[in-house]
Structure formats: structure tokens, C-alpha cells
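This document opens with one chain alone, in C-alpha cells, the form predicted alone.
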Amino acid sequence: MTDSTKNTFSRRSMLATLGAGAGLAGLGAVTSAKAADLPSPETVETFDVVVIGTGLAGTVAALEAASSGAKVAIVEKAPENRAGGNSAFSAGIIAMPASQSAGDQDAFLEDFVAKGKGRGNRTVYELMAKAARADVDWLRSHGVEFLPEGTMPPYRIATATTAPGPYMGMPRTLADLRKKITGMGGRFFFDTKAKQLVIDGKGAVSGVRAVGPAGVVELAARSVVITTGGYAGNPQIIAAYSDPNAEAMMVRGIGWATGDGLVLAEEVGAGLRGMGGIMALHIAAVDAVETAAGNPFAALPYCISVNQEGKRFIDESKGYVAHGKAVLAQPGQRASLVFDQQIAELPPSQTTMGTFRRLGIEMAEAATLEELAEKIGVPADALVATVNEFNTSVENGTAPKASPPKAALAGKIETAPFYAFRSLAPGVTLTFGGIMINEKAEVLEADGRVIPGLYAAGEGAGHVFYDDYVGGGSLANCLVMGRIAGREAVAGIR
């Protein structure tokens, strides 16, 4: 393994010697993977591993590789003050089995498989079930702090949330891990967009050509890891693959998640899967201003959701993605979550209300349902009728005779004051489709062949989820598969 000393040499010298096996990367004859080449830079810097992207998947991949002694470069198209991708905007919740027991791992797996209607990536779910708890402990060993372990009813999982709390912990966590990577000799190339992969004479990926502040740069490597996220910020892809109307929705996450990694991988023959239809989108109904943190996901399963006509339209216990997609079909694409004082005192509601208050997001509060109806802009008689019908249907935590029925976490709404998270609008958080990979995070062609030297992890890899996922699942995927990608990228070199 090479040391962390910068090694820059002329491209002409490199091309003259690589045929004889010289050069740190040992690349052989190299070509761009794309016919329309960028101008060739005069110098090529060499690394063992190049990681593209600085979200959680990319960060842990780089940390894992650097911890093994590899010389690592991390390429990020955003400037340093916007690093972290969608992970930096997330609540920082990582799903994991309730314990390391086989029974709890099985329960975790069953819940994830069921949530994806049996069409998610079971292989990745199995890896998450086996490794998520240990990988959270690995993060702790690198100084990451978490809140006390939580749960996420009705799912049979545990959660680890980065301290000091939702929407506050991940930016700090990612920044601290970047410092660790730098301390291990890793080099970050910010404001630098990866444009092309480089392949050698044997067809293996052997570097990245990118455009940064100083122009075109080329980073030679024995392994490249793509962790660029999804394509929620690319309306062209959304319209082409999912739904022409979907591109009109808000983008809750970063606007620069535009599918760059998918394009890079496809140019060298990678297969793409899981991108078709609305089932490939993660949609949540959220505050229209604070689109990231204004998501009442923890409280949602305990509330009732009403549309602008004051009527229920979804089993709220199905979770916030099912709810967000259902709001798309409602009048005006708006909904409000209604609850009472008893529900407000539950820990999930307290957490959500605390977040909204901290952000200055106004919640409706009223002494009567009629007054609440006026504040959320729905007909008072309709809201009262909806609540009364629901209350009479509640029995033993369910509401089987309600319209629609509620399968779990049903409680009567009868104790004043009454509250509402109001005027929630649907927005795309992230996308589910992406680059085909195997259990080693190796990138695959459509026919299943491995593309040597190329790995991928995170939101844009593995077509992990379908339709919906259990909360905390996205970061769990990024953590587990990102670490596998970093480990396998180094193993491939050795």
C-alpha cells in the first residue's frame, strides 16, 4: 500500500511507462470510458481508492479504506460547506435489529421485506440485518455520538440517532469523520465534478477524470467507489422513468442529486434497476418551507390525516412514505395531521413538536375541533364527523371499522386541546433505483458480469427499496454497504 505523500507526475511520463507495469496504480494502457473525451490533463495523481461523493456511504467507504492504510481521494462536486449530500439533511436515524439475536435479525429482515412489498433487495436487507448494529458500534469507535437507543413502532427494529438529535447530528458527524479521513492521509477534492471513468486495457476501471476549480484533473486508482446518491434533483430522469407529473413536486433533499453516478456507471456498461414508476420515489408530505426537517414522521402513525375536505384517506400507521404518496391524489395535494393532548404527550409526538418549535414551524392548536377546522382550512362539520366516526371505531389500538381502517397505533382524539401539523405538501426525498451491485458492492453489467475495479453504495446503488422503506433504512443501507464498498475496494487492490 502506498503512503499518503502526494505523487504527481506528467501524463506523458505515465503513458510512457505504464505499459511496462510501472506507476503506483499499475494501470496499463488507459482510455476514457467515453468517446467525447475531456482534454487530457498534464498531470495524473495516483491513489489506491477514489471515492465519488461525501454522503454517509461515501464517507464510511473512504474511512474504511483509509483505516486499512489505503491512499484515498474523495471527489465531491459541491463546495466544502455543502458537503454531505442528502445525508447531511437527514434526521440521522439508522435502523438496526433490536439486538444481535437471530430472532431480532429475522424480525428486522421480515419488516423490510414486507415494507417493500417483497420487491426490495433482499440480499442488502440481509446484510443490513447482520451488520447494522456492529457498524453503528464501529462509528462509535471513531467518535460518533448517538442518542439513547430508540424504537420505531410498529416496526420491530431499534434506532440509533446521531447526537445531539434529529436534523442536527448528521452534519456534525460527517464533518468529524472527514477530519478523521484527512488525518489518515485522505485528500478531498471539493467543487470537483467527476465526469468520466477511466478504464485500462483489461477493461477494469482505473481512475476518474473530473473538472474542478483548476480545470480538468485525473485521479488514477486501482478501485473507484461511486456514492453520488440518487436523481431526485434531475427532473428529466424523474419524468422519463417515474411520472411526468412527479417533476412538479418539491425536492426535499439536495437539488444537486442529479444521477451523476448512474450516468458514469452506465457509460462503462453498468446495469440500472428499480427506476420505473412512482414506486421508485420516496415521497413525504412535509412543511412546504422547511422541507427537510419539517417532516412529522414520528408522530404521523398516531395521528389521523385529513385532506382539504376534512376527510381521512389513508391508514396512517403505514408510515410517512405511503402517506406522502397518498397526499399526491388528494384535492390540492395538501393534508393535515390531527391529534389531541393525549397523543401530544407521547414521546414521538413530543420529539416532532419540539423539532417544529425549534424551527419556528407553526402548528395549529385549538380548544375545540370546530376551531381547529377553521385554523387548518377544512369544513368544521366534516372534520367533526371524521373524528367522531374514527373514535367510535377505535378498539384495542386499532380501528378496523374506520374508513379507511387503521391497523395499528389508533387512539381516540377526544382530549382538548387539539392540534394539527397543517398544510403538508408532497416532496421527493430520494430515489430508490440505481446501479446494479452484488453483495460485495461490486458494480454489475445488466447480464450480471462484474465490472472490475468499480464499486457503488448508497442511495444510487443496489435498487435497495421498492415503494417504501422502514424509517432509518436509507442511512442503514448507506452505512452497511458503504463500509462493504470501502473494504472490498481495498481487498481488490491486495
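The first residue of the shown sequence is 1; numbering continues from there. If you're wondering where the values come from, they're calculated on a predicted model, not measured in any experiment.
One more form of this protein exists, namely the form predicted in complex with a small molecule; it is left out here, but the text below deals with it.
**Student:** Exactly one of 301, 116, 253, 310 has a non-hydrogen atom within 4.5 Å of the small molecule in the predicted bound form; which residue is it?
**Tutor:** Contact residue from the list: 253.
**Student:** Give me the residue from 181, 378, 410, 91 that has a heavy atom within 4.5 Å of the small molecule in the predicted bound form.
**Tutor:** None of the others qualify; the residue that does is 91.
**Student:** Hey, with the small molecule in the predicted bound form, do 77, 292 and 472 all fall inside the 4.5 Å heavy atom range?
**Tutor:** Spot residues vs the small molecule: full contact, yes.
**Student:** Tell me the stretch among 63-71, 424-432, 443-451, 40-48 that has any heavy atom within 4.5 angstroms of the small molecule in the predicted bound form.
**Tutor:** Contact-bearing stretch, as computed: 424-432.
**Student:** Applying a 4.5 Å heavy atom distance criterion, does residue 194 contact the small molecule in the predicted bound form?
**Tutor:** The answer is yes: residue 194 has a heavy atom within 4.5 Å of the small molecule.
**Student:** Evaluate residue 352 for contact with the small molecule in the predicted bound form, applying a 4.5 angstroms cut-off between non-hydrogen atoms, and reply yes or no.
**Tutor:** The answer is no: residue 352 has no heavy atom within 4.5 Å of the small molecule.
**Student:** Contact between residue 84 and the small molecule in the predicted bound form at 4.5 Å, heavy atoms?
**Tutor:** Yes.
**Student:** Decide whether residue 138 counts as a contact residue for the small molecule in the predicted bound form under a heavy atom distance cut-off of 4.5 Å.
**Tutor:** Contact with the small molecule, no.
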